[in-house]
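Given next, in structure tokens, is a single chain: the form predicted on its own.
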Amino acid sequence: MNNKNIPLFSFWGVVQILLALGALGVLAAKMIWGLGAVTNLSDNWPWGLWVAFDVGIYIASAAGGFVLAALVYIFKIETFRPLVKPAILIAALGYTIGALGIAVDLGRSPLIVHPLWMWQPSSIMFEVAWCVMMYLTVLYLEFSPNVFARFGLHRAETVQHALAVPLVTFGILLSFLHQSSLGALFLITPEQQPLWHLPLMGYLFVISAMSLGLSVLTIFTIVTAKSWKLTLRLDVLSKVMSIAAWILVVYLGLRIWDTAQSGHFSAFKFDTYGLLYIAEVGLGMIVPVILIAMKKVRESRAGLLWASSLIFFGMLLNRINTLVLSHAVYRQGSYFPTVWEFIFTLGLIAGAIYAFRLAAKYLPLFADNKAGLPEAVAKTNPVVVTA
């Protein structure tokens, strides 16, 4: 299988390759000369841009994989089947670059394997490490039928199909465990701006990740369909973003209630943190919910792209605020990423996007898409893509 509509060396394909090579260069420099040579991190600012993306964005963006897998394999809602394979691949790539980023962010990167045999059951990070390792394995097992189909390994494909529901169920459990643990981690960091230090952080991280994951999937779907001149299933995407909006409503309700119950609204002032809070909650959460509530927006490519992008912006700002900026109140000095930190971050994202491009070109990633289309559309589109 070779999808000729998907070029490997288009302008953006070459840009992605160059950025990924740049990230490899930063990786090499870090391994040779250490964190101090490529970052502005220090003992006073141990977390910065990398951890905000590695822990906060890449892994959370992958939540769309388990949401779509649950809808199709557990709840048998076939409407979303065309999106399952791309969603699982996005999740696997998100966890892959997240794990790689975390390894590079460590002062002594080779020691990332220690949780395999140096067990610390009372540590939140130990539980997170094991859940990430196991869920990454589960994601690639869930995606494996695409590889089996590509190389004609029909017996292996049959075996995996029989194990699909147990794998999905186990994956959902693992994702819930570590997403909530990442949020609960901040319960032991009280030296933080109160607006981002709440008793229900664990639940809030899980719920927000689900909305973010569906939004990232929608952005991928719209952009790749446009770039590769492929058919876009707006009817399915509209339902996906409706689910994302309802999840966001639950998140907002729980967060506002939790902030009020804990008395942390008293920390709100019209200062830098207040403006960040308004931008995050107002522009990145409330506005897209309102947009998605409008039928005209839900049924248009531009409307869905704007709404999903705003949710991505809101969740990105939330993770940066929670993991980095909200701690500035109690830190000495200041922190701003080096150019190498930006290059590595962009390079990881670009590498993941190019890997998605390769999979879309050579694997039957979109084989389920024709089934849900009107006959006339299916006949006029040799490649029908929803992702």
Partner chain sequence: MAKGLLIDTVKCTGCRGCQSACKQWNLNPAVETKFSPTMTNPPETNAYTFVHVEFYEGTKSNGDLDWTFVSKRCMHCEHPACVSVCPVGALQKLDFGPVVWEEGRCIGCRYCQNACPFDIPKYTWFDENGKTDPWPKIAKCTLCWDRQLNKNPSEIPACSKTCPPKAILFGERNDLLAVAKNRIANSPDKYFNHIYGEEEAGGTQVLFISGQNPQAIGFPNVEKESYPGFTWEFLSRIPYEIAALGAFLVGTYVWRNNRIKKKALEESAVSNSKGGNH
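Owing to the predicted nature of the structure, the values given are computational and were not obtained by experimental measurement. Positions refer to the first chain, counted from 1.
In what follows, reference is made to the form predicted together with its partner chain, a form of this protein that is not presented.
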Selected contact from Q120, S266, T158, Q261, since only one has a non-hydrogen atom within 4.5 angstroms of its partner chain in the predicted bound form: Q120
- prompt: its partner chain isn't shown here, but in the predicted bound form which of W246, F270, F151, F75 has a heavy atom within 4.5 Å of it?
  reply: F75
- prompt: Heavy atoms within 4.5 Å of its partner chain in the predicted bound form: does G98 have any?
  reply: no
query: Looking in the predicted bound form, any heavy atom of W306 within 4.5 Å of its partner chain?
result: no
Non-hydrogen atom contact K229 with its partner chain in the predicted bound form at 4.5 angstroms: no
- prompt: Any of the heavy atoms of Y335 lying within 4.5 Å of its partner chain in the predicted bound form?
  reply: no
message: At 4.5 Å between heavy atoms, only one of the stretches 31 to 39, 358 to 366, 55 to 63, 345 to 353 reaches its partner chain in the predicted bound form; which one is it?
response: 31 to 39
task: Scan 300 to 336 and write down, in order along the chain, each residue with a heavy atom lying within 4.5 Å of its partner chain in the predicted bound form.
output: Y330, R331, Q332
